[in-house]
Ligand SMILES: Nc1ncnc2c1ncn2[C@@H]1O[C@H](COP(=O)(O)OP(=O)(O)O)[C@@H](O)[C@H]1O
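Let's start with one chain on its own, the form predicted on its own, as structure tokens.
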């Protein structure tokens, strides 16, 4: 089997568990390479994707997984790359909100629509996430002024017996709990975008 060569020109970013690169042959895909071969984070995600495969096939939020590949940097995991209509890698939500910290009325309405649509998708799909870090979400602009949120990291749960994988009531309870943590964090850190009255509208009841 051939080995893909990855260089720094393809680098997208790096987190606590893995580095991400644009696929050298197919720029519509990216390759995540764990910092350690037996990384618990990637094992957790692969377990979730395996158990909940039929559910995730219909997801608007979760990126598609294409399998593994050998690279010059080690074993890589190939995923759908989240990028905008102009070919640029989409911004994570923290960078996206920071970029729009002083929105005019039109921009604010657009941001609210993005967040309300994200709420609808998140609570409908009941995706398991590990924490409320909004850097794990990317705001994709597939066509001009059309936006959608994607979840790209910290997916699944590390618990030994994950009830949320098999029972809808458990998945719903946890998704509401984490969603409200996300809303509270945004309201505290971006009050000009998520003021109290809008935060109340965003909250899961």
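Numbering follows the first chain given and starts at 1. None of these values were measured; they are calculated from a predicted model.
What follows is about the form predicted in complex with this ligand, which we do not show.
With the partner omitted here, the residue from 97, 82, 114, 132 that has a non-hydrogen atom within 4.5 angstroms of this ligand in the predicted bound form is 82. Among heavy atoms of residue 14, some come within 4.5 Å of this ligand in the predicted bound form.
Contact annotation: residue 157 falls outside 4.5 Å of this ligand in the predicted bound form, judged by heavy atom distances. Mapping the unseen interface onto this chain, residue 109 falls outside it, with no heavy atom inside 4.5 Å of this ligand in the predicted bound form. Using a 4.5 angstroms threshold between heavy atoms, residue 141 stays clear of this ligand in the predicted bound form. No member of the trio 119, 175 and 202 reaches this ligand in the predicted bound form with any non-hydrogen atom inside 4.5 Å. With the partner left out here, this ligand still marks one of 52-60, 175-183, 161-169, 25-33 in the predicted bound form; by a 4.5 Å heavy atom cut-off that stretch is 25-33.
Residues are counted as partner-facing when one of their heavy atoms sits within 4.5 Å of this ligand in the predicted bound form; in 131-160 these are 135, 136, 138, 152, 153, in sequence order.
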